[in-house]
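Here we start with a single chain on its own, the form predicted on its own, put down as C-alpha cells.
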C-alpha cells in the first residue's frame, strides 16, 4: 500500500474526518502537560476500536521519503530506533532495509496494534516515553528516525524533545528527521504545529552535522503540505 492510498479512499477519509471532530474535543488534544498528552494519545488509539481511520496520522504505509532514503542507505545489520512508531509501518520499512530495529510509542494500545498487524515482525516493539526511556538507550542507535513527533508537541515538551532525540544517536550515527514545516517566525494553529528551520537546526547545538536537507510537498485533496527531510550525523568521539 502506498502512503497516498488511504487519502484517496473517500469512505476511509469520511470516517477519519468524523473521528477528528471527536478526538479534537478531548483533553490534551491542543497541547497541555505531559500527562494530558499521554492520556490523549492513549485515548485516540484505544477508542479507535481497530479502525485506522480514527488515527489521524496513520497512513497504513511507510513515509515515501523515508523509503527512498532507505533504498540508498541500507542497514547492513546496524541498529535503528523508530520514535513514536504508531501502527508500525515506518519501523517495518526500516527493518526491511536491513536494520536491527527497535520501535516505541507512548501508547501501549498503539504498540499492541502494531504487533497484531505485523505478527511475524523482526522489530522489537516497546511502549515508552521519549522523555523517560531506558538509560542504556542513550547514544546506542546507529540510526534514529523521527517522523511527526516534534510537530505533535507544543511548548516545553517540544523544546525538550530535541535534546531527548539527540541523546539516542550513537557516535557516528545518523538522525533522519521528517516533519511538516512552516516559514520561520510564522504562527501555527495546531495540532500539528509544523516545525520551523530554527527548531530542527537545534540539533547542531548538540554537535550534530547536517548531511542533507530536502524540502518537498505532500499533496492532499485541496492542499499542499510542506515537509522537510533533514539527515544529521553525530560525529565520532575523538581521542
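What you see is a predicted model; the values in this text were computed from it and never measured. Numbering follows the first chain given and starts at 1.
Unshown form predicted together with a small molecule; subsequent notes refer to it.
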- [ ] May I ask you to state whether residue 102 is within 4.5 Å of the small molecule in the predicted complex, using heavy atom distances?
- [x] no
- [ ] Determine whether any heavy atom of residue 193 comes within 4.5 Å of a heavy atom of the small molecule in the predicted complex, and answer yes or no.
- [x] no
Open item on the list: Considering non-hydrogen atoms and a 4.5 Å limit, does the small molecule approach residue 203 in the predicted complex?
Closed with: no
TODO: Would you please decide whether residue 129 lies within 4.5 angstroms of the small molecule in the predicted complex, comparing each non-hydrogen atom pair?
DONE: yes
Open item on the list: Heavy atoms within 4.5 Å of the small molecule in the predicted complex: which stretch in 92 to 100, 136 to 144, 105 to 113, 70 to 78 meets that?
Closed with: 105 to 113
